[in-house]
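This document contains two forms of one protein chain, each encoded as structure tokens and listed individually as structure 1 and structure 2.
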Structure 1
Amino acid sequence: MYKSLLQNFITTILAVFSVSLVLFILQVSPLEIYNNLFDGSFGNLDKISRTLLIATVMALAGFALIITFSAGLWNIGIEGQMLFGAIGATFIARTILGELFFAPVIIIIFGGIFGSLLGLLSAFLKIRFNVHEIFGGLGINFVASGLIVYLVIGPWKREGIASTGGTDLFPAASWINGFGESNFPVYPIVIAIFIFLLLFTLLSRTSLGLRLIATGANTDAADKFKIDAGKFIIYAFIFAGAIGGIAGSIQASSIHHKLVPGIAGGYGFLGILIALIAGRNLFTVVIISLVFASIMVGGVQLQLRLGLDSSFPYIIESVFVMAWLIIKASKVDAKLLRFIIKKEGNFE
């Protein structure tokens, strides 16, 4: 435990070093960037609330992807599943249910159902027609985003105006509000913790989770143990879709309070990057989500203070992930760890 933590720490340092190198090549000062990112994301309570809210959405996307990764699937459709969750949320908010005092609960549940329906579509295409989930998912993402554009300028357009600016705001009862002055996102965090515990139990404590992982590790071998791979692919997509959908509904009713085109904000794709680092480790998802969310939220400050493009956070994140994967694959971190431990041994 201690050793693997130390090894991950070394990997992090090396990856941050690689990011700094790239920033240096792009002729910006890494220290200034990190300083502003930290200040912009954790500088005051408002910023912390914002960072935590974004981190929650990202972590949910990451959790969703861990399930599908465990089953050996590339759920690129996560972005679409989040979009569908937002559509589900908007659907409820626009009905009479949206006026009820427990509307947020229905919104979250419907977001989950909508997301899992889209997940199911990916699974159906894969199992019934052998359509690879990357291309199926990619196609579904675009169809989902097209559907939102259609809804926003068509049936759900604002009174008299058809613009891509979004639907009318949800009724106040449908908002998932935070607490206090800073809008501290208690409910989204509670939901994320609940799903974290659920997944933790599922993946490490139940035979369902074990079989899911077995399917992902080796489909043929799983077949020999009479594990029906198709069944677990369906389960994985339904679970992942539901969690993605919940993330989408949180974005709709907690961040935007309406449906806008591109409401997933690319967090689904960032979720894929997060899951690439995390492997099957839920704790790592939480930590990396916090880091990435602080980069996204702090990135606003980079724009304001340093005049840097809004693309900067993504550049930092993608370089970080690529560096992380290469460091892990080349085992540089493990070698360094052995070197450090040996040296410590000599001192004693």
Structure 2
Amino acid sequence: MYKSLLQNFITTILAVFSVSLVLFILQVSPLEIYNNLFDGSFGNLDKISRTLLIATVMALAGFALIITFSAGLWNIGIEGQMLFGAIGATFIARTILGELFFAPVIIIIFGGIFGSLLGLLSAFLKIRFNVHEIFGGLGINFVASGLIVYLVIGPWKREGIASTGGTDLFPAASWINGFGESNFPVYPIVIAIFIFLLLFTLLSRTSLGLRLIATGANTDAADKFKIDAGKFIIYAFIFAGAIGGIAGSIQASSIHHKLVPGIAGGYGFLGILIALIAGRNLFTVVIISLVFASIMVGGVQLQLRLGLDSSFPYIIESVFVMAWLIIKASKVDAKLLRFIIKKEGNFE
């Protein structure tokens, strides 16, 4: 585990160096960019709170995808699972349960249930009708997006207004806020830590996790050793859908406080990149989510202070991802790690 963490740290440093080179080519000072990004994302408590909240949603999407990637599945439907989680949160917020003091707990539970149902649908399409999860996931995303638009301008529209601006605000009791008067996202972070520990235990300490990984590594071999691949595909999609649904419910109850079209914010698709970069390493998911959230939140400063185009943060993000993938493919980080180990002696 320590070798994996050190290797990912080396990859991060090399990726940041690659971003710096691109910034030099664009005739922009890397130090100035990094300073403004840091100040924009960690300059005060409000900025830190927003950065950590977005990083939490990204990390949850990444965690969900780690499960399905471990089982050899492309869970493209993660966006739809997040959208369904937001629908579940809104359903509770609009009932009498949304007025109760423990409403946030019910919202998180129902968000997970709604997301897992959509995950189950992906598994059903794959196992029963042999629909590849990529195509099934894309279809599910489309249906979930359309359903939210229908609900927002139809049954759940604001009083006297049929607008895609969203539903009425949730009751204050349904908001997942920070602790006390602070906006610091204590509860979402606690939920993410709990899921992190649960998945770490599941994937590395239980037979269920090992069977999931075995299913993803070689389905034929799994069948030979009497591992029911279909059953574990269902498990993977249900678990992933539940975590995606929880991420969507946090989006609805902690960030927007209502249901709006596109509430997933593209974090599901970004989670696919995060999971690919992380290579099934949960610690790396957290680190990359924090980096991406910092770029997104701090990127506003690049426009205000430096007058750069609004697309500039996405350029930085894209170069970082491409550099990471190239470094991994060329195994430069592994070679550097072996060199360090050789110099320092045995590293365990």
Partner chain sequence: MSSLELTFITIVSMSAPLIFAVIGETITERVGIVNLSLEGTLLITALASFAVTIWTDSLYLGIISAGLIGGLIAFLIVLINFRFYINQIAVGFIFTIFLWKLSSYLGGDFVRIPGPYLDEISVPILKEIPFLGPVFFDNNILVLSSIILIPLSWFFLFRTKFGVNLRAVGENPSAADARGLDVMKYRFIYSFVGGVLIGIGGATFSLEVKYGWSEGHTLNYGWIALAIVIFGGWNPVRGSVGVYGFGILQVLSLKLQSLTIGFSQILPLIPFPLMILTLVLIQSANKNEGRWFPKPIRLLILGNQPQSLGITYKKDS
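The first residue in the sequence of structure 1 is number 1, and each one after it adds one. Heads up, when I say rigid core I mean the largest set of C-alphas that superpose within 1.5 Å between the two forms. Please read all numbers here as calculations on a predicted model, not as lab measurements.
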Legend entry - Structure corresponding to the form predicted alone: 2
Inset, instruction - For the rigid-body movement between the two structures, give the member of 93, 111, 296, 239 that sits on the hinge. - result: 296
Legend entry - Estimated from C-alpha overlays, the smaller rigid part's rotation between the two structures in whole degrees: 18
Inset, instruction - Using the rigid core as the frame, report the C-alpha movement of residue 306 between the two structures, one decimal, in Å. - result: 3.9
